[in-house]
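Just the one chain here, the form predicted alone, laid out as structure tokens.
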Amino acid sequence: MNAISFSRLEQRLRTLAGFGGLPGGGVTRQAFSARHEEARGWLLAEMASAGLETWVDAAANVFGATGIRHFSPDRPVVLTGSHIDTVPEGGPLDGALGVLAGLECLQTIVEAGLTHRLPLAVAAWTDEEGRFGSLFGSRAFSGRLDTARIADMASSDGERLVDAMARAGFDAFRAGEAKVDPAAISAYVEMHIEQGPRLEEAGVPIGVVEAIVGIRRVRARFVGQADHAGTTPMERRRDGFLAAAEYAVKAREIVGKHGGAHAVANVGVVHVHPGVANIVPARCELVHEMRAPDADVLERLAKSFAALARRVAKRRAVEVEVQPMSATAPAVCAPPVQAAITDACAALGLPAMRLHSAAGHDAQNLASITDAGMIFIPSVGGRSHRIDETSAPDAIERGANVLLHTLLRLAA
């Protein structure tokens, strides 16, 4: 049975990890950073050397394909891929594995002359990790990008999207031109590490994803009053940080009581102003993220958190503003793609289990325009978004071969 070259895939993974590699392990390669743009150039060269046609669209998404030079309804394509940007101090596999496994599968098909009725393509989607907006590249590709917001989109450190893209040679205001005709995409399948412990704990090598969580991010800004930290009595303080801290703690309690079995929330960004020890904080800003595979649960949580912010602000005598940053809807994976993955596993003699994805992925945007699905492989210790993220070599090889045979089934 046809199989990918694991040594070639492993070497590419090692090389890509060097772009933004950190001395103690892990990778920092954020979208449109210098290291990300170097990695983009390397990836395009690797795609070309594999015998693929290559191009980059207006949203900075990278494509390599067999049998086509652009997307057209006249020749619907089976698409795979993921992303090459990382979180700060992230791991070498999140996103990168899906792109390079897809490239390896297409190269294997080209070299072996394997028959496929539909053309095949691999994508590296831009800014999946949400430096400037969750799933930016695939959102633009699927026609879900709110182009009216482009001028206001910025990273948590204040850099504007338009400036970052201009530095990389792109015009952010043209990103909407990346929208594809849905008729040009026959199916999409993405291979990814699970980023959680379920497969490893179950001793199952392959996960067939049934649904992907929706994600909402909001910026909650609590504005109080700056005062001398030594001379202002405690009962007279209008402390923006204390209000934000109370909100964060009580938000966690709401998720536990009303979020159901699969909802989660996180506060991962906190800015305190003026940020010195001898001044009562005038204001505090949080970035609050919530996730759930059920759209109704997500909506209920969003309303509950907004109401909580108002109650806390009133009790603490501060003002509050809750500003939506991004929203990605939950997605159900297509039964035909799930079936193709399951059939590939059966042909390779690999057990598989059905599960939902607790992380967001580009596949959920593709699910809005075509049949989409995902293949998971086990993550060692369930670890991800940290420098010791890894998967066993045999797990990577098995997953890439499942992807190969899934693509051949979808393109047959």
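One-based numbering along the sequence shown. Here the structure is a predicted model, which is why all the values come from computation and not from measurement.
One more form of this protein, predicted in complex with another copy of the chain, exists but is not displayed; see below.
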Hey, with another copy of the chain in the model of the complex, do 201, 275 and 278 all fall inside the 4.5 Å heavy atom range?
-> yes
Does another copy of the chain come within 4.5 Å of any heavy atom of residue 155 in the model of the complex?
-> no
Another copy of the chain contact in the model of the complex: residue 112, any heavy atom under 4.5 Å = no
Verify the contact flag for residue 176: yes if a non-hydrogen atom of it lies within 4.5 Å of a non-hydrogen atom of another copy of the chain in the model of the complex, no if not.
-> no
Considering only heavy atoms, tell me if residue 66 and another copy of the chain come within 4.5 Å of each other in the model of the complex.
-> no
With another copy of the chain left out of view, which of 150, 206, 322, 242 would have a heavy atom within 4.5 Å of it in the model of the complex?
-> 242
If you check 166, 183, 270, 329 against another copy of the chain in the model of the complex, which one has a heavy atom within 4.5 Å?
-> 270
Proximity to another copy of the chain in the model of the complex (heavy atom, within 4.5 Å), stretch among 233-241, 99-107, 142-150, 330-338 = 233-241
Contacts with another copy of the chain in the model of the complex - residues in 342-360 whose heavy atoms fall within 4.5 Å | 358, 359
